[in-house]
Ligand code: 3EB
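Only one chain comes next, encoded as structure tokens, the form predicted alone.
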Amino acid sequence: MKLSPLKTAGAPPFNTRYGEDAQARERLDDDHLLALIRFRDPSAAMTDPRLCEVALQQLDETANAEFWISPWPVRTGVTHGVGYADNGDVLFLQLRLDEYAGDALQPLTAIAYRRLFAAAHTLGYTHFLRIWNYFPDINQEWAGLERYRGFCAGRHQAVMAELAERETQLPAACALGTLPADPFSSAGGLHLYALAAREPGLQIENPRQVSAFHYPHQYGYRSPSFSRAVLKAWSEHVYHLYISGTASIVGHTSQHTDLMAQLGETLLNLETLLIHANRSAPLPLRLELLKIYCRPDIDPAPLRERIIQAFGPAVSMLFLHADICRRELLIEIEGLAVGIAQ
């Protein structure tokens, strides 16, 4: 199946790049800034809906911020307790909720997703392309339930109530454990940010993996509700592929205990997903950005070298400390691939 473009012409509604955090102040004065994602301890209050501070530490000394730049001015505001920025074609949203109790993550997640959906609908953006999820102590258990599984149950509840075509309209996503792992610190709580559009993208699955929506019950009594990637036609000239957090999983089973072996399997999954997505895109899709989440005390240098061998030196990379959603996994990679007519 080939994805039809939504428009006959035009530039992408935003471009994404990694850069230095020192550029943040200058960029926040620019009304073409759609979002600025910084990786640091978040401020106590959200003073600008475009400024998204994620409680993760970077692993190396290169880029440490992510800039979403619009070709035209954006508007900002808050609705349903959700901060947003939009330019008429694309919507950025973010929401942070404090955990009021150790067992509150499941209902809190359902509340957060309902707010996201309500905000997007109010603003006229009914199709989520990508959602990022961060919260502390992701692998810890509370009252016998792993926090990640509690999060999945809350998300599943909200998605089942929102999406009529639940298996074909799932956004791309990731869920990572923030550091330091203290849900009641200023860096704690549940933090979501998302990308939504007025028209849908195309859900892409990886033929090497079982759809996360169909994981067996050994991974939790409610399945993770996300797609492996979403392909979005912004025009007949521009396509984006939003790639979910990808790890060393084949079928539904984690593979390998060695870091580099896990990396190799993860890169093969990314390559397979990219090949599969290219069958639905009339333009060749090429990886532009990768965000690599690693457990602490991992040297990024050999990882960077191996990724360059796989995808070439033109791919921009950002390495971050994070806990992965399965205890045995050491690394997870998400990405953005772009197809642009020459």
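Being a predicted model, the structure only gives us computed values, none of them experimental. Numbering starts at 1 and follows the sequence shown.
One more form of this protein should be noted, the form predicted in complex with this ligand, which is absent from this view; the next part is about it.
You can rule out all but one of 169-177, 139-147, 86-94, 120-128: in the predicted bound form, only 169-177 has residues with a heavy atom within 4.5 Å of this ligand. Remark: Cys325 counts among the residues lining this ligand in the predicted bound form, judged by a heavy atom distance of 4.5 Å or less.
For the chain shown alone, Pro200 is not a contact residue for this ligand in the predicted bound form, no non-hydrogen atom being within 4.5 angstroms.
Taking the partner from elsewhere, Trp234 is found to have every heavy atom lying beyond 4.5 Å of this ligand in the predicted bound form. Of the heavy atoms in Gly154, none are within 4.5 Å of this ligand in the predicted bound form. Note on contacts: among Thr266, Asn133, Asn206, Thr109, the single residue with a heavy atom within 4.5 Å of this ligand in the predicted bound form is Asn133. Contact annotation: of the candidates Val74, Val82, Leu241, Ala247, the single residue with a non-hydrogen atom within 4.5 angstroms of this ligand in the predicted bound form is Ala247. Contacts between stretch 228-243 and this ligand, counted in the predicted bound form as any heavy atom lying within 4.5 Å, involve Arg228 alone.
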